[in-house]
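Only one chain is included here, represented as structure tokens and corresponding to the form predicted on its own.
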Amino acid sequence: MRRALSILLLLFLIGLMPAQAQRVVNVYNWTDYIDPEALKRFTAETGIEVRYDVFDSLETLEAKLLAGHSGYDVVTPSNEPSFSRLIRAGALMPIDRSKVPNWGNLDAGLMRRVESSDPGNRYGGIYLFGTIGLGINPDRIGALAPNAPLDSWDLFFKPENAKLLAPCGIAMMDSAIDVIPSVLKYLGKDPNSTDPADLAAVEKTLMAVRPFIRSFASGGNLEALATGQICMAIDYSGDVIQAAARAKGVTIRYVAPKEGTEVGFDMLAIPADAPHKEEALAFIDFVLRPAVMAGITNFVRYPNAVPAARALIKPELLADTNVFPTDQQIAGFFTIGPVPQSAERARTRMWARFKAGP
């Protein structure tokens, strides 16, 4: 009886002791943009649970972070305009590189390309990068518009082409931030232009094809292309390449239009009010390992900025210049910068009118 009472007392005292807090990291990333095995491996190695949410537009990400108290520890904003804008707003914290030893694995040349957004690379390292172009089903397009150019934005933005292709389905990514600079470049204008006349020209171009656009989506275009529901979409390069890999019975191809293609870098960053900063640094350090980054690229088909990862990447991906552009291609891509808030508001209003239709 005495022994039983002792055991009960011990159990009671244990119950009064505070439980050790579960270590967690809250990650907010783009849709279809991680290797699930990487998350499992991180938890297995560190004991840190990953709580993982996704977004499908920069507008959504910015709204959450600028409102504050998002609860997220690691986020992946594109270098422009979101990453630089979040830095200026004080919404991100500097990275303590002493706690991210794998930072040294990052490609110095590519990191210099994002210094215009983050002088000194203080607030983030490159996660993955890609371009914005066209996802097409060349067979269905050829059947409906055999003379339409497959290497040009004309395929989408010329109303006569869009009208011919409307029956097989045209989709637009739902992001003014991503689309407007490409239209400006197509029209021969500065992608960062804030001239009201240039914005009016963009609106005119978009409105001319609005009757032929079936849907607006930034995350759903991948499946719609892969399953043959649509034959053309403006989308991110990696999403189109993923669609091509998943497609059954249809051929999907990514096109970087000849008039100009935007390249964007998605950054690993930590919100200034992140509740688990040490765990966030551990997660970033883990992701920047060559083996981990190679697994991510192999899964999502976006290039990374860790040169040592290349030895572990599938040869067919390394050979695909849509996945890993050549230095010459990269030199020809354009990047964008931030625009004043007043111009951003004007773009947002114009986008709303465009989506609503004429």
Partner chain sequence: MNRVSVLLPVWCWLLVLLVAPLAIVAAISLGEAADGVPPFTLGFSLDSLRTVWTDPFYRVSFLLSLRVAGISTLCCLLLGYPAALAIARAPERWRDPLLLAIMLPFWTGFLMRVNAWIGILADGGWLAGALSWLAGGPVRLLYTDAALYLGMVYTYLPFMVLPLYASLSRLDPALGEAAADLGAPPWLRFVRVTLPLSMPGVAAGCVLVFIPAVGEYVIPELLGGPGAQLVGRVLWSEFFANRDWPMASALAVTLLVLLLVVPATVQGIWSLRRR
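The structure presented is a predicted model; accordingly, all values stated were derived computationally and were not measured. Residue numbers count along the first chain shown, from 1.
Although it is not shown, the form predicted in complex with its partner chain is what the next lines describe.
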| said: Contact check in the predicted complex: 109, 258 and 262 versus its partner chain, with a cutoff of 4.5 Å between any heavy atoms. Do all three pass? | reply: no
| said: Partner absent here, but in the predicted complex, which of 45-53, 286-294, 62-70, 312-320 has residues with a heavy atom within 4.5 Å of its partner chain? | reply: 62-70
| Pick from 189, 246, 99, 210: which residue has any heavy atom within 4.5 angstroms of its partner chain in the predicted complex? | 210
| Sole residue of 85, 140, 276, 185 within 4.5 Å of its partner chain in the predicted complex, by heavy atom | 85
| Heavy atom to heavy atom, is residue 341 within 4.5 Å of its partner chain in the predicted complex? | yes
| request: Evaluate residue 91 for contact with its partner chain in the predicted complex, applying a 4.5 angstroms cut-off between non-hydrogen atoms, and reply yes or no. | output: yes
| Is there a heavy atom of residue 335 lying 4.5 Å or less from a heavy atom of its partner chain in the predicted complex? | no
| Any non-hydrogen atom of residue 113 within 4.5 angstroms of its partner chain in the predicted complex | no
| query | Which residues from 333-350 come close to its partner chain in the predicted complex, meaning a heavy atom within 4.5 Å? | reply | 341, 344, 345, 348, 349
